[in-house]
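Before any questions on how it binds or moves, here is one chain, the form predicted alone, in structure tokens.
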Amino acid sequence: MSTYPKLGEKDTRSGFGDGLTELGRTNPNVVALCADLAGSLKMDQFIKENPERYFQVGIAEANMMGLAAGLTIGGKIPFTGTFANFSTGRVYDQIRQSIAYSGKNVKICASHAGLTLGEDGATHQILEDIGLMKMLPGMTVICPADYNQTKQATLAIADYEGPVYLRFGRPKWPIFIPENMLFEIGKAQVLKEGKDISVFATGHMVWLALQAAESLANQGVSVEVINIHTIKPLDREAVVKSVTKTGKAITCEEHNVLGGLGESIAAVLSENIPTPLKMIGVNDTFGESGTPDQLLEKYGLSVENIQTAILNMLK
């Protein structure tokens, strides 16, 4: 029996939409802005219940970020919604100048991130957004693992003071994080304890890392799986504690290995406990059109790739 059985399937963007709807009912200061993609961001129910708290800016993402920054001055808590590519790359100047530099309490909510966006191809599959956002001083970066955790994260960031980048995805994905599991910004979750190797995963890759670990357990390999849902601030203590026990580490992310989770983990290890480390992610390339599973396999992010990397490290 799996430690974390599959409880169903649902896209993580629906976790955001349902969390936003709940916030609309409980927090009168929450407002939502969208750049012509409300349906894709699952914001429709929030809009239906709170039409006076919703701002449709059209395909004008830079303007949306400026509006969001301005709304915070009056005590509002703005949640911006568009695809991850347009939430970061297209509007980086506005985020840096109007939001991060002045520490505005804006929640930048980004769907359709990474390779699993799928068929829309390289122009939309941003693989650099974690790096872009984590480098901004004061920016919190969160990448939840499934529907339940995305909903939890959406609720949590409303209570957190300061700019946040919340990254989630398009495809239906296994639900496996229990609804009642404690979610704390900046606190990693040890989902499976092990003694041979530490696997630090984020976003959709957490489920794949668990599948790899549970398969290898049948071969007598003890893999520790840690869910790094908050990439910044990184839970340095959890990283060091795990690797002190195992002595080897692998990172798994649906992102370029340059600038992503792996580099953040590597920095912690190099400063505290130098450790052999393998980074699983996209290797300095753009994506292409295909189904999520096809792309994960082609770019080396499948369960089998994780298993092979673990076994190679242990050799």
Partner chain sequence: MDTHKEFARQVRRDILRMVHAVQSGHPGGSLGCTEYFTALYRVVLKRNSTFTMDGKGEDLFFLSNGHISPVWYSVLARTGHFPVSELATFRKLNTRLQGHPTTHEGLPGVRVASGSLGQGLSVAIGAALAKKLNQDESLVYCLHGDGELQEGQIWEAAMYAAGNKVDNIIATVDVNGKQIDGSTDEVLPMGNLSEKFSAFGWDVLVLEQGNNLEEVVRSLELAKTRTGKGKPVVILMKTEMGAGVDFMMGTHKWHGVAPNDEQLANALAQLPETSFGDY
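Small disclaimer: the values here were computed from a predicted structure and weren't measured. Numbering follows the first chain given and starts at 1.
The discussion below concerns the form predicted in complex with the partner chain, not included here.
Candidate site formed by Gly300, Thr308 and Met313: none of these residues places a non-hydrogen atom within 4.5 angstroms of the partner chain in the model of the complex. For Ala60, a non-hydrogen atom is located within 4.5 Å of the partner chain in the model of the complex, even though that partner is not displayed. Taking the partner from elsewhere, Glu184 is found to have every heavy atom lying beyond 4.5 Å of the partner chain in the model of the complex. In the model of the complex, the partner chain lies within 4.5 Å of some heavy atom of Lys76.
A residue is said to contact a partner when one of its heavy atoms sits within 4.5 Å of a partner heavy atom; Leu37 fails this definition for the partner chain in the model of the complex, lying far away.
Stretch-level contact check against the partner chain in the model of the complex with heavy atoms at 4.5 Å: of 272-280, 41-49, 61-69, 285-293, the positive one is 61-69. A heavy atom within 4.5 Å of the partner chain in the model of the complex is found for one listed residue only; from Thr230, Ser98, Thr88, Gln189, this is Ser98. For the options Ile250, Val268, Val257, Val31, the one in contact with the partner chain in the model of the complex, meaning a heavy atom within 4.5 Å, is Val31.
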